[in-house]
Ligand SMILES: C[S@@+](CC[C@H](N)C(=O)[O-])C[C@H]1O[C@@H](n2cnc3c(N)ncnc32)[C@H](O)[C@@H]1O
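Shown here is one chain on its own, the form predicted on its own, set out as structure tokens.
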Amino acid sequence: MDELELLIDLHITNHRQGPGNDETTMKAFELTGLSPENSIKIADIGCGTGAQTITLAKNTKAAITAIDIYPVFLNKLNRTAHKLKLNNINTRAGSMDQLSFDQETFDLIWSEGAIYNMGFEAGINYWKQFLKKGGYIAVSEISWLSNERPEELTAHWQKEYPQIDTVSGNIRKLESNGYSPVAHFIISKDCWMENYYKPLENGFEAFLQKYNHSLEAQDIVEEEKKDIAIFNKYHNFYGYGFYIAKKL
């Protein structure tokens, strides 16, 4: 298996492929001001195995289209939705930067922990065409929480994601790309540790055993451990900001 296949196999067993929880998802939805009783259309872009998709489907009457580039993630989401008897989720395999929807299709575009694959500004600008006039976007994005931070941390994120910006910088990007910011908040440390990193750590040994402690598998685990160590050391300086904005 190549590195990408190994990464997918490590993460697919987890409930989430990134920081978050049900409360955070519903808080962001409530901040849009949209009614959960209305038959709105939502696109969940970069949905992974769909933890947040399931939360939205359970708590709203929305028709949700869940998009991810990896069919294996969508297959797991489909199994979960079938088990829970949720019939308001439709999955579609595809790349977030090559969507085939008609313009002005959705009332709400959603993306938790995935827009970095395009870059925040590129994502919000490209996805805007698929929003109805007056529609909303709700995305979480890795963000600096301070203008000052340790050199080690700056070097880490310059390597991993040079587009990382401050909260205020991301709000300015929304304003510059045809949106009116509605609300924003920073997700909690527990969303990282309890809902993402600890479950991931708990799977390391089984993952290594599955692949006979191959060098490729060991490298992936070591990189994940480094990310966890960086967060534990510097979580006061960065986190996921959840941004909610309205298309003008």
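What you see is a predicted model, and the numbers here were worked out from it, not measured in a lab. Position 1 is the first residue in the sequence shown; the rest follow in order.
There is another form of the same protein, the form predicted in complex with the ligand; it is not shown, and what comes next is about it.
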## Note on the structure
Only one of 108-116, 80-88, 158-166, 172-180 has residues with a heavy atom within 4.5 Å of the ligand in the predicted complex, and that stretch is 108-116
### Message
With the partner left out here, check for me: in the predicted complex, does some heavy atom of F207 sit within 4.5 Å of the ligand?
### Response
no
### Query
Is the gap between I220 and the ligand in the predicted complex 4.5 Å or less for some heavy atom pair?
no
### 4.5 Å heavy atom contact, T24 and the ligand in the predicted complex
no
### Message
Although the partner isn't part of this model, could you tell me whether G239 comes within 4.5 Å of the ligand in the predicted complex, counting any heavy atom of the residue?
### Response
no
### Query
A138, M96, L131, I142: which sits within 4.5 Å of the ligand in the predicted complex by any heavy atom?
M96
### Task
Could you list which residues of 197-223 come within 4.5 Å of the ligand in the predicted complex, counting heavy atoms only?
none
